[in-house]
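In the form predicted alone, a lone chain appears below as structure tokens.
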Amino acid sequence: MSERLVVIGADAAGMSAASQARRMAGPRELEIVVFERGGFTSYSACGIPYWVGGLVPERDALIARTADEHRARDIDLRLHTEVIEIDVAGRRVRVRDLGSGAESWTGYDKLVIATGARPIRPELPGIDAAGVHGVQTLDDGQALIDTLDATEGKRAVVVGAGYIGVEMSEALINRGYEVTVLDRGVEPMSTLDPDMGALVRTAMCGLGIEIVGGAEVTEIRTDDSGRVRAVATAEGEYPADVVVLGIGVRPETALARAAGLPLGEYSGLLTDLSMRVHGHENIWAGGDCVEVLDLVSGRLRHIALGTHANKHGQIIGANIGGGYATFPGVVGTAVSKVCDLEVARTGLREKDAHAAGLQYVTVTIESTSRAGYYPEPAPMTVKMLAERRTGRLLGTQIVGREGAGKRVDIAAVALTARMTVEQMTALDLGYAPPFSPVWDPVLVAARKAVSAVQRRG
């Protein structure tokens, strides 16, 4: 008799888990049912800003595998169907068909929770007004595009200057909007230290984006029809024909909380190395709804990235399908861009290291993407943190032009291997004048960090 696997959520983690489980277990061994409240599956949420901005010509380019393709692989995928309750003791879920409103129960032998994350919507007057958008799903992206196409005015306010806020501000500039970014931080990109965030601010201002730091939004103001007309802060009012929320995301774990499943400090589900939910042998979770181990600080974090979600799904599917796989943790690597400025980070920021009780040194160097004598060398700034006594690499941030961003992968590998900055200086990296100076910028920073560690004893 076959078992039934129920998966809640049909994007990266959920469909990776379902697909991997199907590859490892035949239809006679495992029935797979996937519930998805939206209308799309297996898509790149990271690509939405580029679709909104016109760099990606059509929505379907972001879809890696359609619902029909999944169904052809013996996966019972049900779109526009929302799971509204998990009965852990009864091993069943209650679902609602969003078209008809009909509700029913579906039993499971094994359950995967891949509910993702939701955009943060602060409880402010007017936050639900017409013209105010969060951007997390393809449906969200389509709704924003529809608003932009129908709006006569060309004034946009982006609330928040993290990855989403920065990328969406560029997308709106590309669509001909005047863009103001309101952020609580002094500098944009709080995932960087403020001195590196200042470099991002300079680039954004160069695009014509107005950035207001230290701005606490107090109200979304509307006109007589209930449509957004301005965003208010304690210091002033900023006219807006459309508002995009780029404040960040939180784990979507309301279902899990109601079911009594264990949640962490950031409200993400807690799992073991196999992605099995703590204390529940037949329930797994992955993607943006879980917390993961930071291999540098040793603490749990919530990091919403498609790279992790796909890995989680592969691991869950392997374990459910009879194999064995684990997810050891992350080092916090991320990369983005503003126009031609590339922004990357991995490991700890200064405040992260301080919070973890680590003593550290920092160094910052200026270099170029290729040999100085080769045509068009692009500038970059590299900041590196190392543990004071041991010299262990703690984190790296890179801001620069072409060729800067992906250099962060060197540091990501070094962090995973727990290398010291001195060990990094001996790395045998590729060299040719079109690609790098003789000493790669990351290794220049490592050399300087070695000297800083030695000076500080």
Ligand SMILES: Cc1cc2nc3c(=O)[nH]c(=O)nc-3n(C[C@H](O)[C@H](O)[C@H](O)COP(=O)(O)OP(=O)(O)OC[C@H]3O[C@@H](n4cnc5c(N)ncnc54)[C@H](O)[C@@H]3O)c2cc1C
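All values reported here derive from a predicted model rather than from experimental measurement. When you see a residue number, it is the position in the sequence shown, counting from 1.
Heads up, the form predicted in complex with the named molecule isn't pictured, but that's what we're talking about next.
The single contact residue among A129, V135, A259, V200, judged by any heavy atom lying within 4.5 Å of the named molecule in the predicted complex, is V135. For the options P194, P377, G306, G329, the one in contact with the named molecule in the predicted complex, meaning a heavy atom within 4.5 Å, is G306. Screening 418-426, 58-66, 31-39, 401-409 for residues having heavy atoms within 4.5 Å of the named molecule in the predicted complex returns a single hit, 31-39.
Although the partner is absent from this view, Y108 stays clear of the named molecule in the predicted complex, with no non-hydrogen atom inside 4.5 angstroms. Contact annotation: A18 falls outside 4.5 Å of the named molecule in the predicted complex, judged by heavy atom distances.
Contact check for P49: a non-hydrogen atom falls within 4.5 Å of the named molecule in the predicted complex. Taking the partner from the other structure, the named molecule in the predicted complex has a heavy atom within 4.5 Å of a heavy atom of T81. In the predicted complex, the named molecule lies within 4.5 angstroms of at least one heavy atom of each of the following residues of 96-135: A114, T115, G116, A117, V135, in sequence order.
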